[in-house]
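Subsequent text provides structure tokens for two forms of one protein chain, presented individually as structure 1 and structure 2.
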Structure 1
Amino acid sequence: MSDSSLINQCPLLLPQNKAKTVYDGFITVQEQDFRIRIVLPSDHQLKHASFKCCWQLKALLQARLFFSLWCKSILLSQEIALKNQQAFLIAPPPQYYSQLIKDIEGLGWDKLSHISTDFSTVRLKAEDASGREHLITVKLQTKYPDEVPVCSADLPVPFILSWSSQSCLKNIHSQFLAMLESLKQFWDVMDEIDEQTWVLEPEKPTRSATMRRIAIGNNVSLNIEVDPRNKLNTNMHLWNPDYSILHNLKEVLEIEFPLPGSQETSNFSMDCGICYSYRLEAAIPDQVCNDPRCGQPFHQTCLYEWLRGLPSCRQSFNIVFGECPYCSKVCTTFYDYSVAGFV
């Protein structure tokens, strides 16, 4: 590197002797000045250069990264690299580590499953009452414990952490345990399904998966979705055979059923956009425009009849693509082989 560019980049880093083997001064990193002293061997080979700086700068520079860059002998790129890596090079203060170790000791080392090399991500394990093991990943912020850590776990419902500056890993763990306890019933149900049936989907159900597709017979399967916050089970006892079905449904689901809207206004939005009617022989409009902003309903036969006549119509197997007659966005329907007499 020429002297002039060095002066441009680091105006405060100056040679201390005529041979230019010793540099002393300050370099600016992240808008902070650091004292630095570089001693080069007489052959100016950077490989054998020695480098002295204060501990703050050392902390900023991960040794390996620094030396690999240094060996490339470009002071400039070193500085740029430092700027780019600003985010992760800011090491947390030493208190952070002591606090973290104290926390883990308080929690018990047996609960710790994994910790990342930069001590920013901790994975804790917990066991629920049925002996299932669960993991929670806690991403600690630099200002821990003042800043709320980010938690993620394999749960069917979101895990909401209540946090104060006095909280520690133990609080997270106990909240996680409480959460597991509330979901115990859900997992018991899911485990029973997984053990005693042939689950087609998902192939390897995660703890957060609420859906199961169970094989019943040849080409027949049952798709069930279990709501972990389900009300049906808790309200099941409310079902009273003495009352009407509608009354029971209202009780069990805790809802009021909406009445059909006034004939004139609601009809029009339900009708097929092509034949302007609701019933076409036995069919009702069961296709809607794929664009939710349009959402125009159509009878499958009407939409197919229109789309297939379009010059821009495409067909892939039994799916027909074309432009929606209302919004001109791509719209699809299927080609019913049974109607065409193939089956």
Structure 2
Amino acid sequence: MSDSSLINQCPLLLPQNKAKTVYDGFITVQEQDFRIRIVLPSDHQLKHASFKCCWQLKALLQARLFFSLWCKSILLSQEIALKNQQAFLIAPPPQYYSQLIKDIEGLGWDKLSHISTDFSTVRLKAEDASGREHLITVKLQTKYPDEVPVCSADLPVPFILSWSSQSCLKNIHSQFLAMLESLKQFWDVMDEIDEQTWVLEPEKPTRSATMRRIAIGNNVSLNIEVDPRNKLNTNMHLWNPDYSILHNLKEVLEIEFPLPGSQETSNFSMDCGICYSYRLEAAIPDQVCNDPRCGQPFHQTCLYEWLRGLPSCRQSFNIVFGECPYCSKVCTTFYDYSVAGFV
């Protein structure tokens, strides 16, 4: 800052010597006048000057300096982020937009729930046979339809998309409808539970939730896990009390139980995912993760100690809730009061 600009900005600040290295007078900050004395070095650089003023003015100047530096840092970070975005984000070619509009028209605008402002993400809606509405989010690549889109939906099982360069949004929607149809019975069961029972957890179950904790009575609740891929419900009519339990299990589950010695014992003896051993004294891993996609086995004692050590651990009566150490989904176990010496 030159001498003339300093005087123009602060007309009440006047030089005190011929070299104009000492200024004394008043400056206005926030509509208040403050006395200040400025001593400049021989090169007249203001950044190396020394200031003498009251403590109120020092506090105001420090606050304004901090705010100025903060604004500069914010603007600099935004500028860097914008440059990085421009460097790595390649705009789609014109045919991308024309193809996308064509695909939406072929699918039907009534099936479009949302589209992002940059036309990179669309959300499609569909109804299953029971009238439930479902959404699927489709993240399109810049080389659409040559590149496979990324799809996500609130489903209890993974949605695996079959895609080719000739595919379009209509193919995604039809595959999504087929997935909804395969899960119809599962959601019918879950909706019946939600409507006819008092569900304690989760409080607001999503379509992907397979677990329900149901109130039974005073201080009593039942925790159930429904496998959407299980055919048990459709085969329950095959249970015949005139036959043995083993025969009925084979009929209902549609499986053949392995005979002794027909397979290696190691195929069934999975180690505990916490202590990494099969036997813990006389116990074997008899607890598994609630998420069927994980299914990691644990010793009941190991899982209980693990869940109790988590900051997010919750306990309802003798049921302990926490996160699985492998998939971070909800995992539960029980606390055996009889082992602890309680009656």
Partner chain sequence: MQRMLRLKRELQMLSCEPPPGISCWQNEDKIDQLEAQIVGGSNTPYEGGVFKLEIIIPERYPFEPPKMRFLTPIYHPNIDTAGRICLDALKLPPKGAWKPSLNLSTLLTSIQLLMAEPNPDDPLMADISSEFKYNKQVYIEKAKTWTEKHAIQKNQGSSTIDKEVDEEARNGKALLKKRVATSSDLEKAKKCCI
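Note that the rigid core is defined as the largest set of C-alphas that superpose within 1.5 Å between two forms. Residue numbering: structure 1 sequence, from 1. Everything numeric here is computed off the predicted structure, so don't read it as measured data.
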Pair member that is the form predicted alone: 2
Did D154 shift 2 Å or more between structures 1 and 2, C-alpha, core superposed: no
C-alpha of E133 off by 2 Å or more between structures 1 and 2 on rigid core: no
E181 C-alpha shift between structures 1 and 2 of 2 Å or more, rigid core reference: no
Cα displacement of K18 between structures 1 and 2, core-superposed (Å): 37.0
